[in-house]
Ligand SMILES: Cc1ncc(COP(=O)(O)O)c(C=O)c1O
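Below, in structure tokens: the form predicted alone, a single chain.
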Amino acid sequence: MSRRDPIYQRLAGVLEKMIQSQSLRTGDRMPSVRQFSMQQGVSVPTSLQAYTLLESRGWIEARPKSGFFVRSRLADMAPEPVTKISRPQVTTMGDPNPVESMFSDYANDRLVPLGAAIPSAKRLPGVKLTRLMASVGRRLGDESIGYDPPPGSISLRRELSRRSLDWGCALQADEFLITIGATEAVSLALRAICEPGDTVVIESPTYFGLAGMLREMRLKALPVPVHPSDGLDLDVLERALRKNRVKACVVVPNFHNPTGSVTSDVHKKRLVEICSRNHIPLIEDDTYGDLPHVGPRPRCLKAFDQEGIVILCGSFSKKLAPGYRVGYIAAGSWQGRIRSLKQASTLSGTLLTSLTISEFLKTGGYDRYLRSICHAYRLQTERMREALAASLPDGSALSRPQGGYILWCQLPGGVDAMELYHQARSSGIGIAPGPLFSPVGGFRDCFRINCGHPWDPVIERAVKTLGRIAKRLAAP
């Protein structure tokens, strides 16, 4: 670039080279316009011109109230995965149950943990929570080891009531029941509504833990496709409901597992209306709702519920403290039945961990933590997307999650994700192959990746190895 070029063009050229050499990497936040002007000894308008030029060339992007960030490049050119189900059919759940093998891989410290959707302990406030638990325990004394019978800690239920305003709701403390994670919450909801042999609408792909629940309860599944950008296909759902007798519907509308999609408010409202019109209870799993990458938290389906058909489930496991096993359910008219089922199965909640999380919420620690963790997950997810786009075979597709820390990847034709899973495992890498997310073993060309661990050389090497294996499998 010539020294005769305007200063802003020369500055843009310098930054462009830094991005190309990965001194500034995908997802990195750029210095503020004012900070950059001070660093380079130029005016703020000149700095802004340089940034505007970089933005027009596609190297950086402006985010409202957040500043400028280095854009994903290869990942943006990758298509989104496609879910193909022309005629949803009722099916019984097959074997084997994948949950056991997934947790076995997670516990195997010889595997790079890209499979199970569990965040890295390095990103969680473990030390702060431990100190808080000690303080709560000292304050309670002998009472800290007592039972926490249903509906559970009133302190935590009051905090959930306050937070429900962020979800677009205004739930009262007595509308909540504390559970052992979201798994128990969804399980209780299904048990309260369904009998063995009943049919439940599920998303396709769906969280494999749900598939295990349906299998154990002897319930049938009616899979409806999920679009990677806007959730459940509502046109397909309406056609399926006209032809099938359905007892319940289970969905993850906010940062869906495994696609990462978030359902728009328009679609959420329509989904609630469809289920209300057909008198079908709608079980909402909002486990990842607090983890938007940018902007406000999305509203829950419960915010659009006028008839009381939505059963809201959530937990703090995937976003704060996996081992604390603290979840919740707001079940409306089913609350009494669910309380009885809770007493008959697990009898009590976990008192000390519930009170610890309640205190963390009350003192503002949780909100401060969310501000940092959402930024970290956005950065990690964008770096993973870019690394996978550079490593996987041509024609691979990647989801574009707007929150959370999981990616859904689709391989080009002829590449079997189960074979990729086995070869990756032999190379010390854990992934979650697509058939785990289908009641009939579908999605043979897909796999899920966990982006919940800080980016480091170990993960970078693992992604490159994964790409080499996939390319070898794709070779004619």
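Keep in mind that what you see is a predicted model, and the values were worked out from it rather than measured. Residue numbers run from 1 along the displayed sequence.
If you look for the form predicted in complex with the named molecule, you will not find it shown, but the lines that follow are about it.
Participant: Can you pick out, from N257, S153, T263, T350, the residue that has a heavy atom within 4.5 Å of the named molecule in the predicted complex?
Facilitator: The residue in contact is N257.
Participant: Report the residue, out of G181, P223, P228, P298, that has at least one non-hydrogen atom within 4.5 angstroms of the named molecule in the predicted complex.
Facilitator: When the named molecule is considered in the predicted complex, the option within 4.5 Å is G181.
Participant: I'd like to know if Y207 sits close to the named molecule in the predicted complex, meaning any non-hydrogen atom pair within 4.5 angstroms.
Facilitator: Yes, Y207 sits close enough to the named molecule in the predicted complex that at least one of its heavy atoms falls within 4.5 Å.
Participant: Does the 4.5 Å heavy atom contact test between S317 and the named molecule in the predicted complex come out positive?
Facilitator: Taking the distances in the predicted complex, the answer for S317 is yes, it comes within 4.5 Å of the named molecule.
Participant: At 4.5 Å between heavy atoms, is T287 in contact with the named molecule in the predicted complex?
Facilitator: Contact check for T287: yes, within 4.5 Å of the named molecule in the predicted complex.
Participant: Hey, in the predicted complex, does V252 get a heavy atom within 4.5 angstroms of the named molecule?
Facilitator: Answer yes; at least one heavy atom of V252 falls within 4.5 Å of the named molecule in the predicted complex.
Participant: Quick one: which of 394-402, 318-326, 154-162, 374-382 gets within 4.5 Å of the named molecule in the predicted complex, going by heavy atoms?
Facilitator: That would be 318-326.
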